[in-house]
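Given next, in structure tokens, is a single chain: the form predicted alone.
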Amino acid sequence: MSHTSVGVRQTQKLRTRQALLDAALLLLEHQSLSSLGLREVTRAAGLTPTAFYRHFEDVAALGVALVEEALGSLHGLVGEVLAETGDSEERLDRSVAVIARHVGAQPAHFRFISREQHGGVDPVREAIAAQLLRFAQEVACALGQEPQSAGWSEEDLLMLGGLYVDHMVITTSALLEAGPQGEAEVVRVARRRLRLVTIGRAHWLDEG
């Protein structure tokens, strides 16, 4: 078999997988993952159920792939912001802007995340929780390298990272609800709330 034919088959395989993901995401605009049927997805994608099983074990596995598609690329973007120069408040402000752009570009993905974070499909709920924990760890690692984190325990840094990530999740939900016309106000409030966390951080180790 030539390299060309292998490449063509691989490209077609990726297109089929993406067609299933796109069809599922479209259907999930109007229903939860727990109510989504495999045949609904394949019908919307113009494929057979057999084709589905070549890519996903079940609908839950497809949901996990959607989680990765929505959140996976954000790790690099947020990591780049946290690695930039400037104090933590400036970098976290830029993180809010990154989140806002990402939500604006992929609203359907983030509506799916927002709905399924506490949904009824265990593997998807666990995948979202794992992604959010990874974000918290990345933020904690970046903050731990700053001089103002001297004396902080790893546990406390992870708690702080989790606070910032929880705030980002709340901001994402607010952006989805507000829509483009309300984005500026959501971002303004999000930045003020982050500053409040930053002020608390500055006094965390104060005596008493």
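Keep in mind that what you see is a predicted model, and the values were worked out from it rather than measured. All residue numbers refer to positions in the sequence shown, first residue = 1.
We do not show the form predicted together with the DNA, though everything after this point is about it.
Next item on the list: Choose one stretch from 34-42, 166-174, 61-69, 143-151: the one whose residues place a heavy atom within 4.5 angstroms of the DNA in the predicted bound form.
Entry: Selected range: 34-42.
Checklist line | Partner proximity in the predicted bound form: T50 to the DNA, non-hydrogen atom cutoff 4.5 Å | finding: Answer yes; at least one heavy atom of T50 falls within 4.5 Å of the DNA in the predicted bound form.
Item checked: Partner contact for K13 in the predicted bound form: the DNA, 4.5 angstroms, heavy atom -> So K13 counts as contacting the DNA.
Next item on the list: Spell out, yes or no, whether the shortest heavy atom distance between R188 and the DNA in the predicted bound form is within 4.5 Å.
Entry: Because no heavy atom of R188 falls inside 4.5 Å of the DNA in the predicted bound form, the answer is no.
Note to self: Since only the chain is shown here, I'm wondering whether P180 would be in contact with the DNA in the predicted bound form (any heavy atom pair within 4.5 Å).
What the structure shows: The answer is no: P180 has no heavy atom within 4.5 Å of the DNA.
Note to self: Suppose contact means any heavy atom within 4.5 Å; which members of 163-183 contact the DNA in the predicted bound form?
What the structure shows: Contacting residues: none.
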